[in-house]
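In structure tokens, the next block holds one chain alone, the form predicted on its own.
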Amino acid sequence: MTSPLFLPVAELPKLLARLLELGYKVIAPTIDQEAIVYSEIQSVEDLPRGWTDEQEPGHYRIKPTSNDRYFDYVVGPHSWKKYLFPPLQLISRAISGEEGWTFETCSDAPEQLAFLGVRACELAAMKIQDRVFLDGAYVDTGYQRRREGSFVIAVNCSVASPNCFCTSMNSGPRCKTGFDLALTELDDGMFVEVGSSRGQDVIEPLSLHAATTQHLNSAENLYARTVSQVSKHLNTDDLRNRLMSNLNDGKWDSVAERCLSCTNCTMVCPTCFCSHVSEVPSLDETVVERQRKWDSCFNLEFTAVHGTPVRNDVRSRYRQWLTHKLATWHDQFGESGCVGCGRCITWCPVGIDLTVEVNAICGGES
């Protein structure tokens, strides 16, 4: 990693122009339908400058800030998962013709995507999904192609929401690895860290100056302030065994009475990877497409075997989700499946808080 650089705020459009010049489609935070979401942008004017988000369990609102910073918010309902592991993928197609059926394998066209605004917890989530889709005997080639074609510009958090608990999961709020470039937004510009040779190649023509000691001190103060704002904590000590030792605790019934089994938590989660494959015929039945769609362990049909669901009540489905995320994920992948982003808490319609439920089920400080 090279010495930190400094990008004056007025020069940020040059970074975006450089990415577009290199052929990248830039995906970044923008405002749509009263939420900060990820979408393609063409200008820094598309960024949510001067806006922040307000989050509580089951509550999300955006509101203007008293400053004009570009990245003074936390995370919204989108995650980068939707670009690396799309919600709907066409796998193959069967076409009926005069000589019978022909079969073709389908894959999306390769794209160069530049992700601008990736937070530390999201870098950790990407690493977890890399473990799922790239490690082991079976590699998801579509995910691999999209991952290798992506350029990651991380942004260190300057604020934390009441739902963040990244410090408990050792995933933030500071970006340390997994990026090509990392930005820290200061009063007069961006403190820039280069994390890869590709990042160096992108930034080289911009002729940035070395960051000063004052810039470094300002960045360090911002990191410390953000850490101090993280008020939610999850006790992860021996959490796998504590959860698995309380599978029959009556408190699972309590949370099941509130849970709507709506799948929101798994849809907004940046690490959940459940999916199902279905055959979709055309109306005239001459073409059949095989599609892979996101699925959720909260769906009744997800565990159907020979037409009969294995987990036929909300209690068993909520327990499966929580114990897999925080316990058996360790058995499967050697790490937790949670990065502490707090999305599942924010976007739960009834405000179920994962950290509170773990505390109730396992006892002790959460």
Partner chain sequence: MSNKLRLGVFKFASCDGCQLSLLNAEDELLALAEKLEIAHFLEASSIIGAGPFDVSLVEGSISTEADLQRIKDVRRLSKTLITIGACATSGGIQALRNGASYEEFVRAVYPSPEFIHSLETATPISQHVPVDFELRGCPVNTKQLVQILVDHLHGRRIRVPNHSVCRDCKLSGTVCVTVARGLPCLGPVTQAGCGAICPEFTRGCYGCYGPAHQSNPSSLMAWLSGHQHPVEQLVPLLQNFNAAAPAFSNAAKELQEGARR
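What you are looking at is a predicted structure, and each value in this text was computed from that prediction instead of being measured. Residue numbers count along the first chain shown, from 1.
The next section is about a form of this same protein that is not shown, the form predicted in complex with the partner chain.
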{"property": "R174, F191 and A219 each touching the partner chain in the predicted complex (heavy atom, 4.5 Å)", "result": "no"}
{"property": "The single option of L90, C262, V139, V287 touching the partner chain in the predicted complex, heavy atom within 4.5 Å", "result": "C262"}
{"property": "Partner contact for D68 in the predicted complex: the partner chain, 4.5 angstroms, heavy atom", "result": "no"}
{"property": "Touches the partner chain in the predicted complex: V310 (any heavy atom, 4.5 Å)", "result": "no"}
{"property": "L22, heavy atom within 4.5 angstroms of the partner chain in the predicted complex", "result": "no"}
{"property": "Close approach of P77 to the partner chain in the predicted complex, 4.5 Å, heavy atom", "result": "yes"}
{"property": "Interface segment, criterion being heavy atoms within 4.5 Å of the partner chain in the predicted complex, picked from 231-239, 141-149, 182-190, 268-276", "result": "268-276"}
{"property": "Stretch 34-70 - residues with a heavy atom within 4.5 Å of the partner chain in the predicted complex", "result": "E34, A35, V37, P57, G58, H59, Y60, R61"}
